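Take a look at the structure tokens below, where one protein chain is shown in two forms, each on its own, as structure 1 and structure 2.
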Structure 1
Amino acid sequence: MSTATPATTPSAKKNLGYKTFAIGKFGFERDEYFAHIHYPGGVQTMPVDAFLRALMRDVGWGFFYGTVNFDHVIGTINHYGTVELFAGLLNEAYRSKNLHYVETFDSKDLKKVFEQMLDDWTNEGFDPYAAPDETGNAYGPKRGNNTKALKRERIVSARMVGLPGDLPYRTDAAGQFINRQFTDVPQDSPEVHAEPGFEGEVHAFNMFAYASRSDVTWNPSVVSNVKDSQICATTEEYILPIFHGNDRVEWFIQVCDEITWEVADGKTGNPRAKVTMKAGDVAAMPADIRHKGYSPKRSILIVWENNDSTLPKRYSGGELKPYPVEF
């Protein structure tokens, strides 16, 4: 594995202070405004802030469930141990002209390169997890870093937030303050009257308040579990930085405010629907689509996942239909 790749665009000849990276036959370089992804047969250019936001989710989620499309050309597919890095694989035009390129890597090898790239290319003051209104810009020559912000990972409750030995509550004391757009979300606590000996089982917490203190966007964290059923709370603002193509059915419960989902076909990228979700709405995202969300105001969303590891094969093999209910 190398972290040096030949300069193939004019920007790479400038001395902006950024490293170039390579893995397999893919090469990565950045300039003041753009990331350039080189692959056999082409180069894809993305705005660097959009690239870093997508890269942050891919790294933070450990390549997540299924496909993480950085844009309409570049993306990763998680095979849970290995991961495919592709250009044009899930784009109908690229596929029809045989312009796509795919390489498979050990997940840990690709994650290492992505983490190094994210760390080197993220400037001081830019937080790829934050909403645009809450962070500095990603542009210009290299200036410092923001390593601390990049180390946040997807957090997972084993049973329910707040139980002994499980994820703790978010508090001011821990530096987890109420987000500026959730100052009107009540922070009260339920009344819990446990008899002696049952303190660890008679349990409740303010989940909306917990979510209101999230300092990241578009980053679901598990708050409660029923076997493989995981309720994940997340706060959303601006645009989901990726087009997520799940390898299983995923459900959304809109807790407050509104999100519009742009839905396209998982394999071709052709548009299929727009789903507008308001407070109290529940909707499924089928297993054969990709989706991108738009949240004009910071909102609380529950992402409900089925963590059964056999599902990708059962969906891709046709055993299970891509939509969850027939009626």
Structure 2
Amino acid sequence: MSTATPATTPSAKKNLGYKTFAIGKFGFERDEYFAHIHYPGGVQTMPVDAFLRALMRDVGWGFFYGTVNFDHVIGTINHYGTVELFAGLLNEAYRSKNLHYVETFDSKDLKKVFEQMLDDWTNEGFDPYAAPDETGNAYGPKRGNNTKALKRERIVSARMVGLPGDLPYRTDAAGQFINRQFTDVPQDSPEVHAEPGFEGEVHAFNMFAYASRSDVTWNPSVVSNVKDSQICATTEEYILPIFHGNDRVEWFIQVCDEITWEVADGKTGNPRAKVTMKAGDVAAMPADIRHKGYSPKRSILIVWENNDSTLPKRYSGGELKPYPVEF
């Protein structure tokens, strides 16, 4: 549920124009610079632009695989039908002092509140899906909205990109321009030499050129689904807005440029590794960690996930080891 802003909140005193929101015993309010998350026993404050970028991914990804940590205190855990909203649950210091708090909600109920909050708190010109240099700022009193950016629909291909019957290939003519940091990505199309009689059935396209026109960061630009195998090409710039806590092994293939990953223990947040991936590198993120990426120049990353719904229980129960290979 959402509630109107009470007259006693700082937002109302300054008449900033933002609503407050609540679900269960969690409350959310923002001022000019910060988002404040209230819960029994405490309140956590985050820069509002960082909060909105994290919230956008949690909503856009449908709470994703496993855990979405907004910061070191606040986050959600997806149980695929229900979601845990927590404060301090996966923080060793909070847990050791019994300062953590968690509630479970139906996914659709929490998603509704998060969507309403995103729409009300996102000002005109600010796009929480875009890199900082591509969008306005999130600060100040309420100033219009950017509902169009928040509700952008993924383009779903009816068949391989570029074949007759599919949506148009990404081109300048279609209004999908090469990103300012991808001007060095070749845009030429592959040569296809089909056997006689198969000319209309064989096709190829330049996936890197396609991804170079993506207008979002840290969000799938191209997705291929084959049964439980999901491969996503993404474009990454600046900072992954969340710490992603895995509930299964996640594979990364660095296509161009580089990303540095901070890797921490999934339950405690204690550091475990720092990994710098350069073009051509492949890494597997184990099922018991959380990770956050830093990309100084826009890069292309391919992510592979196994969508098998039995995996979280098999990993958490110890049936499967959290890493894919033993050396």
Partner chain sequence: MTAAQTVFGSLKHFEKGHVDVIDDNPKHYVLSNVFEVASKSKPYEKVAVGQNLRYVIEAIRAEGTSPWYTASHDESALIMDGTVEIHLIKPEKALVPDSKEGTVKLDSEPKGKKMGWIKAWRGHMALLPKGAAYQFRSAAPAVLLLQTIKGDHTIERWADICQTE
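FYI, numbering is relative to structure 1, first residue = 1. No experiment lies behind these values; they were computed from the predicted model shown. Between two forms, the rigid core is the largest collection of C-alphas that superpose within 1.5 Å.
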- prompt: Two forms of the same chain appear here; which of them is the form predicted on its own?
  reply: 2
Displaced residue check between structures 1 and 2: K97, CA, 2 Å or over, core reference: no
query: Does superposing the core leave G144 with a CA shift of 2 Å or more between structures 1 and 2?
result: no
query: Any CA movement of 2 Å or more for V113 between structures 1 and 2, core superposed?
result: no
- prompt: In Å, how large is the CA movement of H203 between structures 1 and 2 relative to the superposed rigid core?
  reply: 3.3
